[in-house]
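One chain follows as structure tokens, the form predicted on its own.
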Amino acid sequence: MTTARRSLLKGAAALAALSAVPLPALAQPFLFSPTSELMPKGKKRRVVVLGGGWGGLSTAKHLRQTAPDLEVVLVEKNPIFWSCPLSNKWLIDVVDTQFLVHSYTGPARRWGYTYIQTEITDIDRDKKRVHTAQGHLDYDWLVVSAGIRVSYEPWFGNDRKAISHTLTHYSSAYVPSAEHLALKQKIKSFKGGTFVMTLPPPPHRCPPSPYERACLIAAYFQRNKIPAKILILDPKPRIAPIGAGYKLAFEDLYDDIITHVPNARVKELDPFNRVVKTTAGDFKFDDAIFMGHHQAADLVWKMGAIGKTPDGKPSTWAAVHPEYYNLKDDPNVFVIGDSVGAVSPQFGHYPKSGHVANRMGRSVAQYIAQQAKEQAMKPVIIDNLCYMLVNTEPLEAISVQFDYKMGPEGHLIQTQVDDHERRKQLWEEDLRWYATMIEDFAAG
């Protein structure tokens, strides 16, 4: 057993408490002028954290521990925290809603930072100011942890009707929102036929999770005797990561339901007539989940932090320092989590996962504390760990671990360890891992 795994198995007590957490009440709206000062600055220097996901919540909590002399303000548009990790299990009721949903006010009270629920409209880096629907907010340090945006423009251009129809009927549910509720209802109301899933081209959020989603939907169809075929249209040449583990699950458990189609890059999609054309052939469908291209969050684009490809085009991901995650032209502004661009010529992007976002948030809290003391920043090497449920009767999972180190040429090197043997032990580890993480940043 690895050291990372062993440390995570200590969270069993926290797991028991998760299911007892009541659903938080929705915050009541207030009326403010967007031109007013939302929160005047006091004597303390201020860190503003934008986005209350795994990365943002981790940053806010650990800043209060590493830099208690700084004021920390978390800005998030949603009234409640919804976890994307484990949400695939929620789709078929392996875990319930209270397992994923947590209060923002509880952690803010516990750790001593300020939580403001409002929409972020713009970032003025010249003035070091965040604009929101309720007024502006000045900062000394800024941390942007806003996740991703899903882009359908590579398929449809500016055809807003086709994009709207796809979002309404075939949304991907890869951003915490009402899309999760719609997808759950879609799965439970499906009567049979061909169910298509397109995978985004890499890099994308939580690389192994689309295959897990296919397994769990197949398990639901199988258990309820729904005559369905699931087509996974994968732009990659093979299943990755945990390729052998998923291949065995598809063959052993869902051979009559799941078909994985490699090299199936979407060329054209007709959501009205239910036809998708790919480089591996054309497919008709009765229902679908269309996972569009993943890109850095809108806020990263608004603040002008998108990198460039060698030919000068937008990379669609944030250009940050590969170890410190701050902008080269603005060292007090950090981007963390899924929006981060390539960090290594060996492996490209970190896996875009909740675990990585948490680790980045903890690291950035240290970096800002060091900057505040005018100390040199000391790089923190992070890791990643993902568990994927592939069977429900019995509950069995597979996993993948990523370890990193600095190579002799000054570049990060990634080592990937796939655990292909599905077993109950990994599902139990998954629950303890999640409990430990939630206790770290989201427990009130």
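In this text, all values refer to a predicted model and were calculated from it rather than measured experimentally. The numbering used is simple: start at 1 and walk along the sequence shown.
What follows is about the form predicted in complex with a small molecule, which we do not show.
Considering the small molecule in the predicted complex, the lone stretch of 237-245, 135-143, 353-361, 257-265 in range is 353-361 [heavy atom distance within 4.5 Å]. This chain is drawn without the small molecule; in the predicted complex, the residue among I187, A173, L327, L100 with a heavy atom within 4.5 Å of it is A173.
In the predicted complex, none of the heavy atoms of P200 sits within 4.5 Å of a heavy atom of the small molecule. Proximity of K128 to the small molecule in the predicted complex: non-hydrogen atoms within 4.5 Å are absent; the residue sits far from the partner. Taking non-hydrogen atoms only, Q366 never approaches the small molecule to within 4.5 angstroms in the predicted complex. Interface residue remark: G341 is not counted as part of the site for the small molecule in the predicted complex, having no heavy atom within 4.5 Å.
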